[in-house]
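Take a look at this single chain in structure tokens; it is the form predicted alone.
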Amino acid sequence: MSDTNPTADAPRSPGRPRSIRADEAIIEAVLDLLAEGSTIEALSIEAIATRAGVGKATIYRRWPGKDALLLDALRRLKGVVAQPAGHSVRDDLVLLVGAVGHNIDPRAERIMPCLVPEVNRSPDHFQLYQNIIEPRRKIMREVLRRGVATGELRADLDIEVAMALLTGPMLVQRLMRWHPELDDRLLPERVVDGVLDGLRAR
């Protein structure tokens, strides 16, 4: 999956300033190529460099290979991880569930569905996906554990199953457009309230 960093492309010398403009151009090139239908396997450092208008050495000075570059590009596509306020378990879950499958960048609608079969076929791609998603899961785990600790949620709560119950409906609706009549603006609250009915302490 990874392009090999050729010996000729030596790391940048200490103190050499890094061009933010080049970084942006490289990340944008990756996302543009994926949005245009390139698969992860077919995506090459050569193609990325050509689209970004930089040399391969410029890319290798910033990323050790394609895996690391893809991880940064897809993290950019997913956006900043939502940060709960910590006052209400319900409100925090609504915030986190509302972020599931939601992307500001319109290219995500073309890229994310196409990544699903690649993630299922390749252990490397699966791990790439896990590296992107795990920070979001970690935050939701913390909210649910806080709810258990404060007595708001059941003491015997299965945290991992609870996360699946909360995120699954949003992924199906936003990636598959499963039900066109569901109001996307209200769905996070409806999902959280429905799931919490079964998770709350009695």
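Here the structure is a predicted model, which is why all the values come from computation and not from measurement. Numbers follow the displayed sequence, beginning with 1.
Quick note: we don't show the form predicted in complex with another copy of the chain, though the next part is all about it.
> Considering another copy of the chain in the predicted complex, which of 56, 146, 51, 154 comes within 4.5 Å of it through any heavy atom?
Replying inline: That would be 154.
> Is residue 22 close to another copy of the chain in the predicted complex, meaning a heavy atom pair under 4.5 Å apart or at it?
Replying inline: Looking in the predicted complex, residue contacts with another copy of the chain do not include residue 22, since no heavy atom lies within 4.5 Å.
>> Test of understanding: in the predicted complex, would residue 110 fall inside 4.5 Å of another copy of the chain by heavy atoms?
In response: Yes, residue 110 sits close enough to another copy of the chain in the predicted complex that at least one of its heavy atoms falls within 4.5 Å.
> Quick one: does residue 64 come within 4.5 Å of another copy of the chain in the predicted complex, counting heavy atoms only?
Replying inline: The answer is no: residue 64 has no heavy atom within 4.5 Å of another copy of the chain.
>> Is residue 185 near another copy of the chain? Define near as a heavy atom within 4.5 Å, in the predicted complex.
In response: Flag for residue 185 set to no.
> All three of 114, 177 and 191 touching another copy of the chain in the predicted complex at 4.5 Å, heavy atom to heavy atom?
Replying inline: The answer is yes; 114, 177 and 191 each reach another copy of the chain.
>> Please identify, from 43 to 51, 132 to 140, 66 to 74, 26 to 34, the stretch that has a heavy atom within 4.5 Å of another copy of the chain in the predicted complex.
In response: Only one stretch passes the 4.5 Å heavy-atom test: 132 to 140.
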